[in-house]
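Starting off, we have a lone chain in the form predicted alone, written out as structure tokens.
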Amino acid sequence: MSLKPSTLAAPLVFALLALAPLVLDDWRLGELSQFLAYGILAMSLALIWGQAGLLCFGQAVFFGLGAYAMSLVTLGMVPGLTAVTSTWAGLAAAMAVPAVAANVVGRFLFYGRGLRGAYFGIATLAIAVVVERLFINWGFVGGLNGLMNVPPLDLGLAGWSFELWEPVPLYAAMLAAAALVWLGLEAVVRSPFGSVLRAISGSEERTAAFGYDTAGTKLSAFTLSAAVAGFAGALFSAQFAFVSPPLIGFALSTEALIWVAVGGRGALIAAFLGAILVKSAEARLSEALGASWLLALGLLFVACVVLLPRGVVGEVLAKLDGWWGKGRKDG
């Protein structure tokens, strides 16, 4: 593997993020911990959009399902399993529930005639709207008010408790989780499976003609992406101690698309940084511009899409790789 700038970008990013506790106060560090959960969600979307060309308008459905699954388990609200309240059980449920949901839905979306392009996007948009309304009207999960007092992350085992209340340990755990997700997804992207995903994005018909099960490959990627999004939702709910229907709806799904588009959908680390950059910009713009911050953010998004089609981070990495390759040839 050649050590191009884009190859070194992710280790450098995580190394720099590891230094954040040295320069940020507790409030900013807690805010950044929340952004890391959004970054994991962005990477899950980049896997299916950037690699397989599946523009999903419902990625927050899986994020929200993971958040609710984590909350129900750790609050002891699962019928018949009220005694099982560990964080580890919650995380397992938070990945399994969205993965199963995505696998079931994906069988309807990808098999038969199969939905592609805008039709796939519209279908996922409709699913996001329907699921959000369902949770708003479902009393068992708190309806519009959601679920409160969700326990914090507890990494203890066998009766030993290690709750992550303090900003620095919580941030360290979130950063470690983000790094592990990146490593796992990057391995998928660089595997033969990832090559097939990119081939499907380029031309599904040609890929199928070579004998690949394109529907099955997309279903597998969709299922994996949902599991990762659910994991992000679980981490988010444990930090906020609260979940509500907006976490599962169209608005957050649209935000996730903006993060990935601004950062760059072609590289996982670009999408991850896009989420952090956009969420940081939202916080600063809302402080500086008040109610007008949404307009400013919208203009920023339009400018990025028009002027930087590979995303802000994606364009930077592409330029650095180009200069690196040119320098090696000249040398």
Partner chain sequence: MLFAALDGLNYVLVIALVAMGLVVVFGLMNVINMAHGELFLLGAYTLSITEMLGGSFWLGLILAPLLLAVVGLAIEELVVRHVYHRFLDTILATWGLSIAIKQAVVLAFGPQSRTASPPFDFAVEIFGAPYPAYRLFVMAVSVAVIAGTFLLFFRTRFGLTARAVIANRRMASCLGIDTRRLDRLTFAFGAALAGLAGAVMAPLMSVDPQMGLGFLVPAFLAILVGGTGHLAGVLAGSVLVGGTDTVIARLWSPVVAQIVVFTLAIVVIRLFPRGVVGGRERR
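Here the structure is a predicted model, which is why all the values come from computation and not from measurement. Numbering follows the first chain given and starts at 1.
The next section is about a form of this same protein that is not shown, the form predicted together with its partner chain.
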Q.
For the three residues W49, L295 and G298, which mark the spot I'm curious about, does each lie within 4.5 Å of its partner chain in the predicted complex through at least one heavy atom?
A. yes
Q) Should F193 be counted as a contact of its partner chain in the predicted complex, where contact means heavy atoms within 4.5 Å? A) no
Q.
Is it the case that P11, even though its partner is missing from this view, gets within 4.5 Å of its partner chain in the predicted complex, heavy atoms only?
A. no
Q | Heavy atom of L180 within 4.5 Å of its partner chain in the predicted complex | A | no
Q: Mark R133 yes when one of its heavy atoms lies within 4.5 Å of a heavy atom of its partner chain in the predicted complex, and no otherwise.
A: yes
Q | Contact residue in the predicted complex, from Y111, W88, Y212, F162 (heavy atom within 4.5 Å of its partner chain) | A | Y111
Q. Within 4.5 Å of its partner chain in the predicted complex, heavy atoms considered, which of L75, L115, L170, L224?
A. L115
Q. Quick one: which of 76-84, 89-97, 171-179, 115-123 gets within 4.5 Å of its partner chain in the predicted complex, going by heavy atoms?
A. 115-123
Q: Heavy atoms within 4.5 Å of its partner chain in the predicted complex is the criterion; list the residues of 243-261 that meet it.
A: F250, T254, L257, I258
